[in-house]
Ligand SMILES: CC(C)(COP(=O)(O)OP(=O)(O)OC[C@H]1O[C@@H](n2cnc3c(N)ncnc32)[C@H](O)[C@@H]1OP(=O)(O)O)[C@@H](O)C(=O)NCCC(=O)NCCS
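Only one chain comes next, encoded as structure tokens, the form predicted alone.
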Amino acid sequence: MTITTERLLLRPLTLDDAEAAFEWTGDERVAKYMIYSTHESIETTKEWLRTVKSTDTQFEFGFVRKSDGKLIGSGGIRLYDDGFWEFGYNFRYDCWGMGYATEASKAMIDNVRSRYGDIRLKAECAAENTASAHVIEKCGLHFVSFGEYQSYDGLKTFRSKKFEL
């Protein structure tokens, strides 16, 4: 499945994307608030890419900038047992502040709405990550509570802001 926006092409990730994806997964600035720790090698990124799969209730995408065909980020949206769809995103550092996260998130949300109708949404980000909180709010969600999340390897713990719509 692919989705086209004004500036982006959202498409499935493949193992061939490892080099481009390592540009953000291996960047400490990008991984700072993420649930994964900074990838130490392109092999770690390849291992991650081997696990990325879409289903009927989980859609994963690579975000390709249409102007130059460059893979600049990734993200997804999936349905949880509580009936909420949760979305997330991750972009190269040099692409921050350009509206790509909002554009990609709105496209993923619209795609799920077109398939499933009226849906409930949630998102969560590190409380210190004000830029990500702003993206979530631009997608129509509102703050509901503080929480906490940990990285997959347990090395990082974050106070978080939870949003819903």
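What you are looking at is a predicted structure, and each value in this text was computed from that prediction instead of being measured. Don't overthink the numbering: it's just position in the shown sequence, from 1.
The protein also exists as the form predicted together with the ligand; that form is not presented, and the subsequent description refers to it.
Participant: For the three residues F61, I109 and V112, which mark the spot I'm curious about, does each lie within 4.5 Å of the ligand in the predicted bound form through at least one heavy atom?
Facilitator: Verified in the predicted bound form; spot residues all out of contact, no.
Participant: Just one of K53, H134, R120, K70 has a heavy atom within 4.5 Å of the ligand in the predicted bound form. Which one?
Facilitator: Partner contact (heavy atom, 4.5 Å) among the options: H134.
Participant: Exactly one residue in L49, A127, I42, M34 has a non-hydrogen atom within 4.5 Å of the ligand in the predicted bound form; which is it?
Facilitator: Comparing distances to the ligand in the predicted bound form, the residue within 4.5 Å is M34.
Participant: I'd like to check something about W85: if you look in the predicted bound form, is any of its heavy atoms closer than or equal to 4.5 Å to a heavy atom of the ligand?
Facilitator: It does not: once the ligand is placed as it appears in the predicted bound form, W85 has no heavy atom within 4.5 Å of it.
Participant: Can you tell me whether C95 touches the ligand? I mean in the predicted bound form, with a 4.5 angstroms heavy atom cut-off.
Facilitator: Contact with the ligand, yes.
Participant: Does the ligand come within 4.5 Å of any heavy atom of T38 in the predicted bound form?
Facilitator: Residue-level check for T38: no, no contact with the ligand.
Participant: K138 near the ligand in the predicted bound form, any heavy atom under 4.5 Å?
Facilitator: Yes, contact at 4.5 Å.
Participant: Which residues, if any, of 98 to 113 lie within 4.5 Å of the ligand in the predicted bound form when only heavy atoms count?
Facilitator: Those in contact are M98, G99, Y100, A101, T102.
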